[in-house]
Each structure stands twice: as structure tokens, then as C-alpha cells.
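First, one chain by itself in C-alpha cells, the form predicted alone.
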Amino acid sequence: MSGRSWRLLDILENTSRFFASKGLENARLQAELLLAAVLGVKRLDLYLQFERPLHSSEVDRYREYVRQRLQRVPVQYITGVAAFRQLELTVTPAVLIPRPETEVLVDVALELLPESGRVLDLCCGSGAVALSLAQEAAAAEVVAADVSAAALEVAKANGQRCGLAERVEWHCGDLFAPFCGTEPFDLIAANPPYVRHDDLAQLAPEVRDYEPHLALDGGEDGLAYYRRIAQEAADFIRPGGYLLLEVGDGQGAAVEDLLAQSERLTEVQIRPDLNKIPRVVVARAATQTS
């Protein structure tokens, strides 16, 4: 690729065909994202400079990005950034790459959270949910936690990157461990690990080989963390407050049943994502009775 002079359009078309021949989906989009990262521009800006000649150093860097992508390194880990709602987040192999379906978790949280409510993003990873809530619910008190210290470092860096560092309180610990004896929350949102342990080996190489298994492995049936949360969450939610759990494809009914078994959680329901797939299970903490 670096043995000739390249126009921007030519190298994009060549790389797109090459990616497609290797079975990569959305080949043109991936080629554009990688080139935009090399050139330090927005992807759509590429369309304004198709005739631009590329410097040999740019071609060499792009060739390295293409090589990594052929090794199935996710585009977001190559470029170091991922888009989520209104945010551009730093991502590293210490955190899961934020998925578009997780935006539904934020949508439901914004719908149910009181204007100045206290909200916890449990298993926060990159901080995508917590930082989105901090940005879009300006009066909310936002708290986030993850068991991975490395993930929290990425999340904190994202707080700085997005100008929201002072809006989120970060904690490291296993699920609710950091919050024993603290003020309860009006809403808890979580996207816990939910992949069945035996299914990890069958995941796409981008996920299996590069994303953190700590954030993927949901135990033998994929429900280990949901059981723990169902048993413990009511101790940390105000009466009448909400618990929101993102679930994997096909898990909605099982998680709904787990929450319905708790005498301290009521009004259990499932919200779909934009593809009509059950995505967020919602429960409400029972109000205190006299």
C-alpha cells in the first residue's frame, strides 16, 4: 500500500474492496473510520477531500491500522474512541465497547429518574451510561461503580474528556459493596456481564479475543449477576425507586422472572430496543407499608 502515491478516494475504495474480500461487514464504513482517525478528521470530512494526496507517513499508519483490523482488532480499539449518544469516549481493552442498544438503558433511566434524583450506574465500564446521564440530566446526582480498577481509570479519563469530571462520583468494588451504609438511590441502572461461560469461545473474534472477559462472563447460564442484583438491589433503592437491567438477546423473560420473585421488587416490565428486542427489564422498589 505504501509503494505508490495514493489519493484519498483511491485508498478508500481499495481498502473497502480488500475488507469486503476478507468477509468484514460494513467494509466501506470501517475503511472510512480508520482513515479519518489517521488524518485526524471527522469521517464525513473525508467526502470533502477525495482528491487529497496522502503523505507516505499517513499511508504507513493507515496500513498498520488495516493490518490490525485484519487481525480482527475492533475498529474502536484501533482508533481508541467510540461514539455513544452525544459523547465521544476513549476505549481500551480494559472496557467493553459501548453498544447502541445500551442507549435504550439511558433512555429509560431519563424517563424514570426524578429531576434531581440520585442514580447509580452499576458495572459502569467506560462510563458511557453514567456520563450520558450526567450530561442529559443536569440536576441528577450521578454515581458509578465497577469491580475493575482498570475500567474505572478509563471511565474517569472519559469524565475529563467530556468535561463531566465533577458530575460523577466513581467507586471501585464488587456490585453494591462500596455502598453499604450510604444514602439510597432513586434509580439503579446496570449492564452486567451476561454471556454464558460456555458461549464465550463462540463469540465473534472481535469480542472473544479483545474485549474483557470480566465484563462478559455471566456464569454458567449467563444470569449469575442478575441473581445477585435481584437479591441485593432493594437494600440500595429508595421505596418507589427503580432498578433497570440491560439484558442480552433472549434473556428478558428469565431476568423478569428473577426480579418478580423478590418480594421487595414490584411492577416488573420489559422495554424493547429499536429492533423490538426485549432489552431493559424494569422493576420498582416496593413502598414501605405501615
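Counting begins at 1, following the sequence as shown. Only a predicted model underlies this, so the values are computations on that prediction, with no experimental measurement involved.
Not pictured, yet referred to below: the form predicted together with a small molecule.
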| item | value |
| --- | --- |
| Candidate from Leu96, Val168, Ala137, Val154 lying within 4.5 Å of the small molecule in the model of the complex - any heavy atom | Leu96 |
| Contact residue in the model of the complex, chosen from Cys172, Leu110, Ile78, Leu216 - any heavy atom within 4.5 Å of the small molecule | Leu216 |
| Contact stretch among 184 to 192, 113 to 121, 68 to 76, 139 to 147 - heavy atom within 4.5 Å of the small molecule in the model of the complex | 184 to 192 |
| In the model of the complex, Val207 touching the small molecule (heavy atom, 4.5 Å) | yes |
